[in-house]
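As structure tokens, one chain now follows by itself in the form predicted alone.
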């Protein structure tokens, strides 16, 4: 104890002194009002989703289009200020069968999140989203899929404006 006193000089307070009001204290509740700025690239992406369009950003130096869009290329560190409307189709790059929801509830029928390589973006670039209208045993890597959107009046400018991706036979 003496080591702590020499390290942190001062007068210790007891619980009794605090309870008896011998210590001046103020209790307050601070209202925490926060907002989140999406930034230029994600702002464009979310506005596009509200309009039913998936945007990527193009790097003129690396000649690749990435999704979700970003303002700086992580390969060459050059600005990416050209936004390209992409298709709402793609292929399944990888997927999982989840028997637990995001809020840790067990479920009998699995949810099927997948990474979808979006048509029009460079290879290996895509987004993670759910698959729907497909039995888990029918899902395959490389399977073609298409976005199923909320109705235009229900969209809010969020990734959930796409309800899920379903199997699609169309060509690339």
Partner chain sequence: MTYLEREPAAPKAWQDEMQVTNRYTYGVAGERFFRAIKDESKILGTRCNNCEHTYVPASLFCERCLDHLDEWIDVGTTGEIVTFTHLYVDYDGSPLLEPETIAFIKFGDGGIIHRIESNESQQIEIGMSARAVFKSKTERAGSILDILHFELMTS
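Residue numbers count along the first chain shown, from 1. Keep in mind that this is a model prediction, so the values were computed, not measured. So that the term is clear: the rigid core is the largest set of C-alpha atoms that superpose within 1.5 Å between two forms.
What comes next is about the form predicted together with the partner chain, which is not displayed.
Visitor: Do residue 46 and the partner chain share at least one heavy atom pair within 4.5 Å in the predicted complex?
Guide: It does: once the partner chain is placed as it appears in the predicted complex, residue 46 has a heavy atom within 4.5 Å of it.
Visitor: Using a 4.5 Å heavy atom cut-off, state whether residue 37 contacts the partner chain in the predicted complex.
Guide: Looking in the predicted complex, residue contacts with the partner chain include residue 37, since a heavy atom lies within 4.5 Å.
Visitor: Is residue 154 close to the partner chain in the predicted complex, meaning a heavy atom pair under 4.5 Å apart or at it?
Guide: So residue 154 does not count as contacting the partner chain.
Visitor: Does residue 63 reach the partner chain in the predicted complex, with heavy atoms at most 4.5 Å apart?
Guide: Residue 63: no contact with the partner chain in the predicted complex.
Visitor: What are the residues of 68 to 103, in order along the chain, with a heavy atom within 4.5 Å of the partner chain in the predicted complex?
Guide: Counting only heavy atoms within 4.5 Å of the partner chain in the predicted complex, the contacting residues of 68 to 103 are 70, 71, 72, 78, 79, 80, 81, 82, 83, 102.
Visitor: Does the C-alpha of residue 153 move 2 Å or more between the shown form and the other one once the rigid core is lined up?
Guide: No: residue 153 shifts by under 2 Å between the shown form and the other one.
Visitor: When you overlay the rigid core, is the Cα of residue 142 off by 2 Å or more between the shown form and the other one?
Guide: Moves: no, less than 2 Å.
Visitor: Does residue 28 count as moved between the shown form and the other one, where moved means a C-alpha shift of 2 angstroms or more after fitting the rigid core?
Guide: Superposed on the core, residue 28 moves its C-alpha 2 Å or more between the shown form and the other one.
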